[in-house]
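Have a look below at one chain only, the form predicted alone, in structure tokens format.
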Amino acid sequence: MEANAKLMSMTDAVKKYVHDGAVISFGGFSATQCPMAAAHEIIRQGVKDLHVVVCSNGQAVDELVGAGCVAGIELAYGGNGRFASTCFRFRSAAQSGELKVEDYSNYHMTLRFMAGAMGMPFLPTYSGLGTDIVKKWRYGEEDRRHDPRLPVKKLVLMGNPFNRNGGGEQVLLVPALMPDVTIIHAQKADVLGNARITGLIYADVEQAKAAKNLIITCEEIVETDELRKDPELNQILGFQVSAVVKVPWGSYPCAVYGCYDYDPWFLRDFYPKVAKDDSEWRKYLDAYVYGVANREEFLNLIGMERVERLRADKTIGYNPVLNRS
């Protein structure tokens, strides 16, 4: 394989690896490190019936749900912090029954991805015992029987087989996740697919390793020798990666540690002025997603002077003078 065989455009990566009905996972957490350029390209290409599996994702999930790309989702949280404790398009679709939502905790979802990465069918935990996560299932037996994307059970309670006292103690088994494709946004990657995420990593590494195909979008393509200088800082290795896409500002309006902060002006207007109003939401999609061909055109429509004001301080990783009110 040629050294740059994995390097491709966002359009080509989505077309090759994201298909109707896929089980798909997105990295990031709430309004941080979401692969927004990829989400917009998925919407533009009209991909439908996606089954999304994430820990806590805000903007990417909300826009994909609002654009009608998602049929079901398993997650811990769908919100953007103070801008939207629960994302509006996501909430509206769930309340109307248009979107089926199965909820786990963040720890459960991380364990599920970890099980997939390890090639295990499940992992045990005490976490969640005594909560409604155990009691309430959105997908019933009929759904699970006919949809191979779903585990046959949400979870399983069992007695600890190693309990010396002979019973009483229970553990919770959570099923493995092995997405058809995971999309992760990193600060740096090389053409071979080796990638480095700095700052908080969330469950991105587990999601990446569990996937059948992995798309890395990144702020910067660097030489492999640069990544070799501190190899212990590279979480994703090239053999795990299917495609690499260079896309500066690829997480905007979300933040990327060490590169740029989230855009409070965008998010303050988006929630609730755009996302909560069907007419304004359609205008947003028509202008900012369908109305542009790529990320560069999207950013020019936002205004690069405004976007550049979000640049992070390299020492502390975020923008300390940004007016967030």
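The numbering used is simple: start at 1 and walk along the sequence shown. Since we're looking at a predicted model, the values are computed, not measured.
If you look for the form predicted together with a further copy of the same chain, you will not find it shown, but the lines that follow are about it.
Visitor: How about residue 181: is it within 4.5 Å of a further copy of the same chain in the predicted bound form, going by heavy atoms?
Guide: No, residue 181 is distant from the partner.
Visitor: Give a yes or no for residue 147: in the predicted bound form, does one of its heavy atoms lie within 4.5 Å of a heavy atom belonging to a further copy of the same chain?
Guide: Answer yes; at least one heavy atom of residue 147 falls within 4.5 Å of a further copy of the same chain in the predicted bound form.
Visitor: Heavy atoms within 4.5 Å of a further copy of the same chain in the predicted bound form: does residue 175 have any?
Guide: Yes, residue 175 sits close enough to a further copy of the same chain in the predicted bound form that at least one of its heavy atoms falls within 4.5 Å.
Visitor: Does residue 244 make contact with a further copy of the same chain in the predicted bound form, using a 4.5 Å heavy atom cut-off?
Guide: Outside the cut-off, so no.
Visitor: Each of 114, 152 and 199 having a non-hydrogen atom within 4.5 Å of a further copy of the same chain in the predicted bound form: is that the case here?
Guide: Answer is yes for this spot.
Visitor: Looking at a further copy of the same chain in the predicted bound form, which residues in 113-127 have at least one heavy atom within 4.5 Å of it?
Guide: Going through 113-127 in order - heavy atoms within 4.5 Å of a further copy of the same chain in the predicted bound form - the hits are 114, 118, 119, 120, 121, 122, 123, 124, 126.
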